[in-house]
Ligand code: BYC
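One chain is shown next in structure tokens, namely the form predicted on its own.
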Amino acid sequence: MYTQAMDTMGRDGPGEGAARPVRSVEEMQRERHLQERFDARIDDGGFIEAKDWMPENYRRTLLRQISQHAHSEIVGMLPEGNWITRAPTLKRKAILMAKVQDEGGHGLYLYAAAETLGSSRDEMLGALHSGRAKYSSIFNYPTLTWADIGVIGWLVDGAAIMNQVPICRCSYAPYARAMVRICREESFHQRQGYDSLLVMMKEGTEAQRAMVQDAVDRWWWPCLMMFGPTDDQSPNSAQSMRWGIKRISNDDLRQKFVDATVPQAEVLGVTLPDPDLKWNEARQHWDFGPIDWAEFWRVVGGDGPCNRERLQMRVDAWEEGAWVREAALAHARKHTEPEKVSA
């Protein structure tokens, strides 16, 4: 759902920079030939499949991005799942349950895509639960009222769609294929969130309208941060765009999101919390104010409002569900092992 973390990682680990084994001339020539074929396919807009040769840095970049995208889907279930029992109507409860279920499915699609790059699901989840892997900073903010659920659908999922539609053309085919279905379902999530807010704003009480405005005030700036650092502070973006992993820069995606969202806010009747927001006739875009990047890096670094709570909830869920995984594995073994022939 959220690919921000590819721009917020440091070095890949202690193994980076280690001495490489000496290779023969034949091995170097073969690798150069494979690199040339890979580059030609990328330049032609083609796709790389799991069994195709790829540069190690390309593989590592994809693995980091896809696994962290999967982590974001799984962690993203937590703030919304907290409201399933408190949804105001049976209709809203059913919609929210379906949405949370979708997000779990998205995580599974993405973990499966990441596994094609040589990492096991246990390894990826271990990195998440130990705090070594990142997930989108947006899920480290609290959901204080029912209006937050609508705003997450409208703004958070709206930003995710803006980010993810270009990934349907990602050069790595397993990732691109997974994103096609994910984007269709995210479009439903965005529409249901907007519809929920529209009902509250048009048919609700004054207190409900104030609740919606308060939620918009709290979520607007973190949503703009979802697209990652500005292009001049995003060292990984240029290479990712060269490889076709990323198709549109952070700043361009952020601008597209603002341009799409301002008219929707006007229909809703809410005010976006930015005094600098104004239409720029010369640029044919909406200008917006400065983002508090200090807050962004603080949340990414683990000091957001809910970082510790979210990670602990995820670890608790994993540990409490151990018996389900064990039972499923036992059932699978029972049906795959050959039956013993009685004497």
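Numbering starts at 1 and runs along the sequence shown. Note that the structure is predicted; figures quoted are calculated from it, not measured.
What comes next is about the form predicted in complex with benzoyl coenzyme A (BYC), which is not displayed.
- Transferring benzoyl coenzyme A (BYC) from its position in the model of the complex by superimposing the surrounding C-alpha atoms places at least three ligand atoms within 2.4 angstroms of backbone or C-beta atoms of the displayed chain; the site is blocked.
- Highlighted residues R64, V156 and S234: every one comes within 4.5 Å of benzoyl coenzyme A (BYC) in the model of the complex, counting any heavy atom.
- In the model of the complex, benzoyl coenzyme A (BYC) lies farther than 4.5 Å from every heavy atom of T116.
- Using a 4.5 Å cutoff between non-hydrogen atoms, F227 counts as a contact of benzoyl coenzyme A (BYC) in the model of the complex.
- Of the heavy atoms in Q190, none are within 4.5 Å of benzoyl coenzyme A (BYC) in the model of the complex.
- Although the partner is absent from this view, E185 stays clear of benzoyl coenzyme A (BYC) in the model of the complex, with no non-hydrogen atom inside 4.5 angstroms.
- Between benzoyl coenzyme A (BYC) and the residues F38, W286, F296, F47, the one pair within 4.5 Å by heavy atoms in the model of the complex involves F296.
- With benzoyl coenzyme A (BYC) omitted here, the record of contacts in the model of the complex names 235 to 243 of 263 to 271, 201 to 209, 235 to 243, 142 to 150, defined by a heavy atom within 4.5 Å.
- Although benzoyl coenzyme A (BYC) is not shown here, in the model of the complex the stretch 64 to 84 places heavy atoms of R64, Q65, Q68, H69, S72, E73, G76, E80 within 4.5 Å of it, in sequence order.
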